[in-house]
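One chain follows as structure tokens, the form predicted alone.
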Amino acid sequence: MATLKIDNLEKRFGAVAVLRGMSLEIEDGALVSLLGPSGCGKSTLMRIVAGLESPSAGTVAIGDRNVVGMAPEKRNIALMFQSYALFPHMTVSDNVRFPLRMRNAGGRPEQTERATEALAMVQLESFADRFPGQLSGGQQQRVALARAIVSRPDVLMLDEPLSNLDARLREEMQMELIELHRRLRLTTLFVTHDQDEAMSLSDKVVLMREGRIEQEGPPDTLYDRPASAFAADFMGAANIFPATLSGSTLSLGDGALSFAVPADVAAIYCGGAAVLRQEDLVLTDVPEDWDVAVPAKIRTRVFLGGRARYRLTANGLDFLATVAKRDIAQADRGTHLAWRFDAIRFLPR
């Protein structure tokens, strides 16, 4: 294991800047997610750390070694691809043993023993003699993960490893990745565009936008205290409205909706926008029980199994609200959209 330090990293393809002076430090044993929309530079960053791309400027240090210019096989890193990249003509055991063969790490008996240990960590030791074509997608994913950890890398990198799995398998593998990381404490860089995946897996989330870091920190910090409208919207599709404060009156949406707020809410207003998370909004027919309640009209409802998402109009503003399954019947009868004062978050201008 080792720390990973990226300092003032830049990557340009001709006139196009993909990474723009990016700096990041990942502590020894931490699991950090690179999160962001397609094209933000997260996969390019991972390829530079792995040695598959060269930076235009800046440094990458693993432990106390600057690895820029160093061959990938000398960096002691492991990269697990989205496609798994298993060899179809090799057994599961030989696939997992392959990195050890390439590094001449011990003799065949020792390599086979280490491959068996890695397969046991992902609960596939009984599949050692099968071929990849005889495995399910989830099992192939576990084999690829075992191959990534068998060499005991200083840095483990996972490039959207769960994107090819169905929803149930993704949830299962998220739990397995968390448990595996707790056992091995490998310094891990995880690339994803799925905010739920990043929040559930990570010690720290690095949200990227157009080759720069938009915000970084623990998952709950990014969710509860977004630093920008982009961060607030990407981390949960929030309701975001221009906000102005006059005395104790807060106005949203250029004055479309106004209501009085207490002094503690007015004190945190910072001159920009107001954020209301979907799950903090309630559809109710008893508006007097809430700090703010506005007559609302339900436009659509989407049932999502354990919850439902509503699109509503209130005072000419569009809102999204997410309601737990047990509250759907009550929400369907709701005449008002309501929330507590402490649900209001503010963004700087």
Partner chain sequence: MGGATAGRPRGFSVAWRRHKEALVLIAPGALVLVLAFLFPVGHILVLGFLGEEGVSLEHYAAFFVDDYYLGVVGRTFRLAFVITACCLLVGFPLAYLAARVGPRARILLILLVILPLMTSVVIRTFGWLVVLGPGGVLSDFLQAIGLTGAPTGLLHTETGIVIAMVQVLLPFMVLTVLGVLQRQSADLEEAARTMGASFWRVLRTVTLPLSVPGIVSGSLIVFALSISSFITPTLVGGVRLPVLAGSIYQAATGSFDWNFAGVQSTLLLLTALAVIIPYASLMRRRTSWQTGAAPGAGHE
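Residue numbers count along the first chain shown, from 1. Only a predicted model underlies this, so the values are computations on that prediction, with no experimental measurement involved.
This protein has a second form, the form predicted together with its partner chain, left out of what is shown; the following refers to that one.
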In the model of the complex, segment of 229-237, 252-260, 133-141, 213-221 with a heavy atom within 4.5 Å of its partner chain: 133-141
Contact of R47 with its partner chain in the model of the complex (heavy atom, 4.5 Å): yes
Its partner chain contact at R185 in the model of the complex, heavy atom, 4.5 Å: no
A243 within 4.5 Å of its partner chain in the model of the complex, heavy atoms: no
Proximity of D129 to its partner chain in the model of the complex, heavy atoms at 4.5 Å: no
Every residue of R277, V294 and G316 near its partner chain in the model of the complex, heavy atom within 4.5 Å: no
Sole residue of A167, C270, M102, I178 within 4.5 Å of its partner chain in the model of the complex, by heavy atom: M102
Residues in 137-151 close to its partner chain in the model of the complex, defined by a heavy atom within 4.5 Å, in order: R147
